[in-house]
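Okay, so here's just one chain, in structure tokens, the form predicted alone.
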């Protein structure tokens, strides 16, 4: 039976019982994130800048859409942007218009602030009907091939300690200034570390220069390849070579023959690989959620049409 939305209420849960019910519902809809939501329920973690708009029917949460606020660097300034996340409807309430009802509500909230909004989805036609446009993320792939031996040590990390996370924070803030770079504050970094440590597919590498870290890479193991999600280093070639060789060695160790690169348009690694005669091709053979943007009414947002969003920042 369809839901009578006139008998429903959209509100942001605040008390512990409501939040527990919401996180329980999200863990049901997103089973791969169950551990994270269980940690949140237990009070161990919080979700970064995440405001849920939950539809209640007779005090039961029957759907949710959240807004996640970000700040991006663009054209030498910071731009606020609203991310759409945790679009969730339990299976027993699907097909009743719950998600569209909530999206219409949330988009009014975003439009009142004249903000662009972004999302990842496997249902682009649904969101195109709400004014979202597809933005190609320019993911490329290349074969696993090392670039010759260099005498530069690389430290492999399968778990981020507090000290390791602080090192990444410092390198991220000091290297690579580009349009679309996300401002990561302390709350964000806590979530970043928690998410990475809750994943058995994510690894990091530190390139060492004496007792200091000169660069880092982050990858994720996929079925037939590794996905390079972050690569932050100086333009110094030995650092780039050492990190790239580690990526290829990690892939080969797992029996992977491809590296996919999800990096910004002007990232220095593209040029480095071309100089070293590594052919780059459009990614194929893997299905990813697509990235979509929705423009505000009163502001020029042409830069969004070329926005490259780091998949490590996927929300």
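Residue numbers count along the first chain shown, from 1. The shown structure was predicted, so the numbers you read here are calculated from the model rather than taken from an experiment.
The next section is about a form of this same protein that is not shown, the form predicted in complex with a small molecule.
Contact annotation: of the candidates 228, 118, 233, 98, the single residue with a non-hydrogen atom within 4.5 angstroms of the small molecule in the predicted bound form is 98. 29 is the sole member of 269, 40, 29, 258 with a non-hydrogen atom lying within 4.5 angstroms of the small molecule in the predicted bound form. Only one segment in the set 182-190, 106-114, 83-91, 158-166 has residues whose heavy atoms sit within 4.5 Å of the small molecule in the predicted bound form; it is 83-91. At the 4.5 Å threshold, heavy atoms of residue 125 reach the small molecule in the predicted bound form.
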